[in-house]
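We begin with a single chain expressed as C-alpha cells, specifically the form predicted alone.
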C-alpha cells in the first residue's frame, strides 16, 4: 500500500507540473523563433513610432494597427460581457429558483460549449439580416466583432460569478442580515467583495479568450492591411488574424519569424491584461477593507 501511495503521489505531482512545463516549453519555443524579430520595425515598420502613436500616421508594414485593433475588440467584448455576466451570475446564485434556474443554467452551459466559428457565422448572418431589413448600408466591422466576442465569452463571466457566490460560507451570508442589511445591500457590500477573486479569475479568462480568438473576427470584420479603425463600424486588423494569415501565406523564413514575433506581442498583451485585472481586484479589495 505504501508503494501504491508513493506512485500515486508521484503521478499527482507529475500531472500538477505538466501544465507549467508545457507553458514553459511553448514560451521557450516562441522566444526562440520570434525573439530576433522583436523590434520597433516589427511594430511600426518604416513609420516613426511617435508619429504613429500620437499623430496617427498610417502604418502599413508593421503590426501596430493589429495591436490597436486587438485592444479595441477586447475592450468592446469586455464592456458587453462583464456587466451582463456578473448580473446574470448574481441572479443565478441569489434569485433564480426551481425550473427557471435549471433552464437558465443549461442555456449558459450551452453557450459556453458553442464553437467560436458558429458565433462568427451568427454575426455574419446578423449583418445579412440587417441589410435586408432595417439597415441596408450596414457591414461587418469592429462593433460587430466586439459584440460577437462578448457573447462568446459571456458564459465564463456568468459561471465564474455564480460559482464564486455559491461557494461562500453560510456564516458570511448571515453577516449582512445580522448587521441590518437587506439582501441587495448584503450582495453589494459583503458577498460581491468576498467573491471578487473568483470573479476576477473569470474576467481574466474572458479577456484572454477574446484576445486570442480568430474564427469570430475573421467572419465579422478583421481584414489584412485595413489600417487603424476610424470608427466602430470600420474594418480593422487584429493580431490573431495577422498570425493566422502569416502562418498560411508566408513566403520567406523572415515572414514566418515575424509571425512568431507577433505571437509574442499577443502573449505580452494578454499578460498585461491579466496583470491589470489582478491589480484591479487588489484595489477593490483594499477599498472594501477600508470601507
Partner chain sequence: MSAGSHISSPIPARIVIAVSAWISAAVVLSIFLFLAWFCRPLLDTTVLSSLLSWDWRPFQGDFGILSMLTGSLLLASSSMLLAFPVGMGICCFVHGVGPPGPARLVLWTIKLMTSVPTVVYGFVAVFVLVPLLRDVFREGSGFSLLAAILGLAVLVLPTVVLMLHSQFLTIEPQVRLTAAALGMAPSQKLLHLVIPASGRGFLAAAILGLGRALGDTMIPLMLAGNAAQLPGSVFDSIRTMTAHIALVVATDSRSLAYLSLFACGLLLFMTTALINLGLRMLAGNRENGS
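This one's a predicted model, so the numbers in the text were calculated from it and none came from an experiment. Positions refer to the first chain, counted from 1. Here, rigid core means the biggest group of C-alpha atoms that superpose within 1.5 Å across both forms.
The following text describes the form predicted in complex with its partner chain, which does not appear among the structures shown.
Participant: Can you check whether residue 110 is within 4.5 Å of its partner chain in the model of the complex, heavy atom basis?
Facilitator: Yes, residue 110 sits close enough to its partner chain in the model of the complex that at least one of its heavy atoms falls within 4.5 Å.
Participant: Within a 4.5 Å heavy atom cut-off, is residue 23 in contact with its partner chain in the model of the complex?
Facilitator: Yes - in the model of the complex, heavy atoms of residue 23 and its partner chain come within 4.5 Å of each other.
Participant: Would you please decide whether residue 30 lies within 4.5 angstroms of its partner chain in the model of the complex, comparing each non-hydrogen atom pair?
Facilitator: Contact with its partner chain, yes.
Participant: In the model of the complex, does residue 247 have a heavy atom within 4.5 Å of its partner chain?
Facilitator: Yes, residue 247 is a contact residue.
Participant: Only one of 42, 52, 67, 243 comes within 4.5 Å of its partner chain in the model of the complex by heavy atoms, so just point that one out.
Facilitator: Checking each option against its partner chain in the model of the complex, the one that comes within 4.5 Å is 243.
Participant: Just give me the single entry in 163, 105, 201, 194 that has a non-hydrogen atom within 4.5 angstroms of its partner chain in the model of the complex.
Facilitator: After the contact test, the surviving option is 105.
Participant: If you look in the model of the complex, which residues in 213-235 sit within 4.5 Å of its partner chain (heavy atoms)?
Facilitator: Residues within 4.5 Å: 214, 215, 218, 219.
Participant: Once both forms sit on the same rigid core, is the C-alpha displacement of residue 58 at or above 2 Å between this form and the one not shown?
Facilitator: Not so; residue 58 is displaced by less than 2 Å.
Participant: Take the rigid core as the frame of reference and indicate whether the C-alpha of residue 29 shifts by 2 Å or more between this form and the one not shown.
Facilitator: Yes, because once the rigid core is superposed, the C-alpha of residue 29 moves 2 Å or more between this form and the one not shown.
Participant: Using a superposition on the rigid core, decide whether the Cα position of residue 249 changes by 2 angstroms or more between this form and the one not shown.
Facilitator: Stays below the 2 Å threshold, so no.
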